[in-house]
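Below sits a lone chain in structure tokens, taken as the form predicted on its own.
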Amino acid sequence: MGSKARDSRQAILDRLRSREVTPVELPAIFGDDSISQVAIGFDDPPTQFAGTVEAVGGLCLQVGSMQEALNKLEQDEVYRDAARRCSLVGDEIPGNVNLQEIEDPHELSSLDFLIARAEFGVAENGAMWITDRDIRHRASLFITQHLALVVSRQSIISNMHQAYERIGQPETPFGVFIAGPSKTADIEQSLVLGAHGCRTLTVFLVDEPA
């Protein structure tokens, strides 16, 4: 950038900073109504959540235990063929890649399958909230070819208003909502899966305490 352009930019910024803007009080989003009266709600959030996950391209399997989740995985050809698997859900589902032993996230470029836990799910859009509380390399969530997320059935809530209330002030430096596999499309309406993230997303809705 030349000096003339820098001077022009600085002049614009200085003029903007010199303007005094009168603060305006934010409007009440719901007026006198509570969120529960206005926001969308479901009689059976877990069932709605499972349907929404499928609608956005994921696969939702309702299981009674982690052993049942492992049994489902072992029936999956993609999981069986995965050479590099990383499990962040404990010994109940084993893996052969240990994130704690990896210094450079670039070493995860050939990661085939990642299994992690989500803190809760949202029925209205199928999104799941994940933090890096127990994930050394957050890149693993996006660089893996296939992603499986475990979420408690009891943790499913109806809408994003409840989600942000639950998150409150984040306690971890990183958190993200993930809903479905990575999808992108161009003007020819050609849908591509996995361009910016996982190619497939499997959700295990486990019947366990949230």
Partner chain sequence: MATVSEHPEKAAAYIADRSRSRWHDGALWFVRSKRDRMAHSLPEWERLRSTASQIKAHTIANLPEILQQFEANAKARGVHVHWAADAQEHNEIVLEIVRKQNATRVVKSKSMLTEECHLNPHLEANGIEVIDTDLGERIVQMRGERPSHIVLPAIHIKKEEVGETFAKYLGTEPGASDPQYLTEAARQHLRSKFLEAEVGITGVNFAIAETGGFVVCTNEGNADLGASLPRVHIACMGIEKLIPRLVDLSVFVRLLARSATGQPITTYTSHFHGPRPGCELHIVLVDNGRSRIRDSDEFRSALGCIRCGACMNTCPVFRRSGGHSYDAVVPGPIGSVLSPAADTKQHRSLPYACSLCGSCTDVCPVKIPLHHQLLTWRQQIASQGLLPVSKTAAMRAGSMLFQHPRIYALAGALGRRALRWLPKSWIYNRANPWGLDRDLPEPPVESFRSWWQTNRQGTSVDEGMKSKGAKNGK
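Everything numeric in this text was worked out from a predicted model, so none of it was measured. Positions refer to the first chain, counted from 1.
What follows is about the form predicted in complex with the partner chain, which we do not show.
Of the heavy atoms in residue 109, some are within 4.5 Å of the partner chain in the model of the complex.
In the model of the complex, residue 161 approaches the partner chain with a heavy atom inside 4.5 Å. The partner chain in the model of the complex comes within 4.5 Å of no heavy atom belonging to residue 51. The partner chain in the model of the complex comes within 4.5 Å of no heavy atom belonging to residue 64. Contacts with the partner chain in the model of the complex, taken as any heavy atom within 4.5 Å, map within 114 to 132 to 124, 125, 127, 129.
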